[in-house]
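Shown next as structure tokens: one chain only, the form predicted on its own.
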Amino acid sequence: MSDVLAVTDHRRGDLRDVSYEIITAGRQLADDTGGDLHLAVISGPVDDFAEKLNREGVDAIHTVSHGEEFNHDVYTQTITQLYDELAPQYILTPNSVNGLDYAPAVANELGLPVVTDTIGLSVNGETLTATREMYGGKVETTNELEGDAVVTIRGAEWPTADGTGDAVIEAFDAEIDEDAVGSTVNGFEEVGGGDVDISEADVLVSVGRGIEEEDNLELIHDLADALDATVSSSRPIVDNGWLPKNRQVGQSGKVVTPDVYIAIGISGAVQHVAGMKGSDTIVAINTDPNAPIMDIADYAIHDDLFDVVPALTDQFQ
């Protein structure tokens, strides 16, 4: 029997979606090893976070109240101390900006291997098989690790954990060496139109190169307004400078999981699909019936976007 320690993620007082997804990944891994799933909740309103994260499948939640926001040194010290205390076989972290910041440092401190951006995990005996993607998602590879390991998981690859749990919630007395804390968060400054976080949107109207010209984006904004939705895009629109970087969906942009994702004039390259395939409902509008996006769409409209989008806008207004 071997335990799993999963580290949750938050920002500016809100838990990130991956914090609920990592419970599912951690529970599956704990079931494979026959052990317990422990969650670490570090910094911020930890008691409130712990209550929200007390989902079915969690055996214990360890809170560490130290500061409000992520801090590399605090996380690294805390996780290594939790590892010494709990002796888990696997440490799971999100493959987020924060997770990728501290996971290699924790692995280095503990002398463990680290594998990042995993989309699948399984255990056979003492061997962990971690599935990753390469070459822009065109190829899946497997990495086999023996013994203990640190693993980061990609967001939106595991479903959100549901159900009310009965985990033991306890404060962990981490001994933070303040002299070793080399930085502090003084505030946040969004980059490039950062007034919108597309990863938090319930409905996204996403546009690709099929829009042809920047002036035609007005059609997309009209539809988004009618739906009370947020506008996002594939990479070519951002590369052309028609929308800011924070609107880009995909491997080199943001991973999104809205209730509804409307893909307009987007072919569906693997890099883009990797960022939106976790959407609950996908609607695709494309003149090419063989476009890859049509294969994953729940509703596929094979027609000219310049005819379909205005008609939809009129319908919803």
Partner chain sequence: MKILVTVKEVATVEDEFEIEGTEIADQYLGADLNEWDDYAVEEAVQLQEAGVADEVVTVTIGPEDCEQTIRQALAKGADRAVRVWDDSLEGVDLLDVNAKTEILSAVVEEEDPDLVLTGVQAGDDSFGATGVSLAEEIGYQWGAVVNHLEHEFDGDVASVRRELEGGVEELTDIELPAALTIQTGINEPRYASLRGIRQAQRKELDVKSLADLGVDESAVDSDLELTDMYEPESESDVTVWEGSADETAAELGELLRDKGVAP
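Residue numbers count along the first chain shown, from 1. Here the structure is a predicted model, which is why all the values come from computation and not from measurement. Definition used throughout: the rigid core is the maximal C-alpha set that superposes within 1.5 Å between two forms.
If you look for the form predicted together with its partner chain, you will not find it shown, but the lines that follow are about it.
Candidate site formed by Thr141, Ala226 and Ile285: every one of these residues places a non-hydrogen atom within 4.5 angstroms of its partner chain in the predicted bound form.
Per the 4.5 Å heavy atom criterion, its partner chain in the predicted bound form is contacted by stretch 181-189, the sole one of 212-220, 181-189, 83-91, 163-171.
Taking non-hydrogen atoms only, Asn108 approaches its partner chain to within 4.5 angstroms in the predicted bound form.
The closest non-hydrogen atom of Pro244 lies beyond 4.5 Å of its partner chain in the predicted bound form. Using a 4.5 angstroms limit between non-hydrogen atoms, Val238 is distant from its partner chain in the predicted bound form. Contact annotation for Glu126: none of its heavy atoms lies within 4.5 Å of its partner chain in the predicted bound form. When you look in the predicted bound form, the only residue of Val260, Ala291, Ala50, Ala274 with a non-hydrogen atom within 4.5 Å of its partner chain is Val260.
With contact defined as any non-hydrogen atom lying within 4.5 angstroms of its partner chain in the predicted bound form, the contacting residues in 277-299 are Thr281, Val283, Ile285, Met294, Asp295, Ala297, Asp298, Tyr299, given in sequence order. In this overlay on the rigid core, Asp280 has a C-alpha that sits 2 Å or more away from its partner position between the shown form and the other one. Core-aligned CA deviation for Ile293 between the shown form and the other one: 2 Å or greater. Superposition on the rigid core between the shown form and the other one places the CA atom of His72 less than 2 Å from its counterpart.
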